[in-house]
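A lone chain, given as C-alpha cells: the form predicted alone.
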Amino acid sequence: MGGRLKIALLLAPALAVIGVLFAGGLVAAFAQSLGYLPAIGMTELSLVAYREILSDEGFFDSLVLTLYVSGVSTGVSTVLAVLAALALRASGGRVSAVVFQLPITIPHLVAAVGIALVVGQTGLGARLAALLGLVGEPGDFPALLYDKYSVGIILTYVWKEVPFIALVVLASLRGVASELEDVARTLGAGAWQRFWYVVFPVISPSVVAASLLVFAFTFGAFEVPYLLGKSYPTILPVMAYNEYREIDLAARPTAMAINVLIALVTGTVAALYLRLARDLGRRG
C-alpha cells in the first residue's frame, strides 16, 4: 500500500465527519438563505433575503463593528503572544509556561463573566480604583462593558487567545537555531535585526496560521459579544441569532443569509491575509 493511499485512508474518517458537518451545514444554510424551506411551504428560490440585508444600514454597522473587534483582538493578541513566547523561551521555566496555559482551559463564556466582574463599573477594578482614590466612586470608573468600543469583548478575546498563539509560536521557536542568533550577534546585529532576519522567518508561518484561526473564530463567535456587547449595532453572529429566534419561520432565510455572508467575508479576509503574508515572505 502506497504511503499516500495509507495517509488518505487514515484521514478519511475525520474528513468525512468534517465534510458532513461543515459542508452539509453550509449547503443547508445556503439553501435556506435562498428561501428554500419546504417545511413551511417555501420552495421557490430567490435572493429576497440578501436584498433585504444588503439594503439594511444596520447590517453594515454590524459588519464594521465585527471587523473592528476581530481585527483589533487578533492584532493585539498576536503581538502580545509573540512577545510572551520570546519571554517564555528566554526564561525556560516550566512553571511559568504551565500557568500561561491555564486560560486555554477556561471556556469563553466563563472568561467573559470573569472580565465583567473585574472591569465592570460595579466590579473589582472599579472598587479598587475608588479605594486608591483614582476615581471618586466606583460608578465613575470608565464604562468598559456594553460600550461603543467593545473594550470588554476585546479584553476577553485577548486574554483567551494570547496563550493559544503563544504556545503555537513557542513550538516553532524550537526550530530557530541558537547558533544562528549567536552568529548574527557576533556580526553586530541588534536585537530587532536578529528577531526580524533570523527568528521571524522561522516563526512567521505559525504566526500567520494561529492569528488567522483567531480572526476566523472571533469573527464568527457569538457568546462573548452576546454577553458583553451593546444592543446596537451588534456583532454579526448576534444579529443572525436574533433573526434565528424569530417566531415567524419566514424570517429564517434572513438569519441564514447573514450566516452565509459571515462565511463569505471570513473566507475573503483569510485569502487576502494569506496573500499578504506570502508577499511579505517573498520580500523577506
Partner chain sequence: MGKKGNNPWPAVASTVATAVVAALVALPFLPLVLWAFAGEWRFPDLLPTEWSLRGMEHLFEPGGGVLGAAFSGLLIGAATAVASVAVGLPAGMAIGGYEWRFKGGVIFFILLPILVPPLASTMGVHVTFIRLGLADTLAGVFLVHLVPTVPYTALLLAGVFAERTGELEEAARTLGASPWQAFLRVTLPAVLPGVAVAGLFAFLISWGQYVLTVLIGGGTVVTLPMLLFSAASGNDPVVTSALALAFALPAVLALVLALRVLKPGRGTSLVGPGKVS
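Since the model is a prediction, treat every value here as computed from it, not as a measurement. Throughout, rigid core stands for the largest set of C-alpha atoms superposing within 1.5 Å between the two forms. Numbering follows the first chain given and starts at 1.
Keep in mind that the form predicted together with the partner chain is missing from the display, and what follows is about it.
Only one of Ala143, Val198, Val76, Ala130 comes within 4.5 Å of the partner chain in the predicted bound form through a heavy atom, and that residue is Ala130.
In the predicted bound form, the partner chain sits within 4.5 Å of a heavy atom belonging to Pro103.
Shown alone here, Leu21 lies within 4.5 Å of the partner chain in the predicted bound form, counting heavy atoms only. The partner chain is not drawn, but in the predicted bound form it has a heavy atom within 4.5 Å of Leu26. A residue is said to contact a partner when one of its heavy atoms sits within 4.5 Å of a partner heavy atom; Leu65 fails this definition for the partner chain in the predicted bound form, lying far away. In the predicted bound form, the residues of 30 to 46 lying within 4.5 Å of the partner chain by at least one heavy atom are, in order, Gln32, Ala39. Core-superposed comparison between the shown form and the other one: CA of Leu47 displaced by less than 2 Å. Relative to the superposed core, Val64 undergoes a Cα shift smaller than 2 Å between the shown form and the other one. With a change of no less than 3 Å, the CA-CA distance between Tyr273 and Leu167 is smaller in the predicted bound form than in the form shown. Look at Val269 and Ala209: in the predicted bound form their Cα atoms come 3 Å or more closer than in this form.
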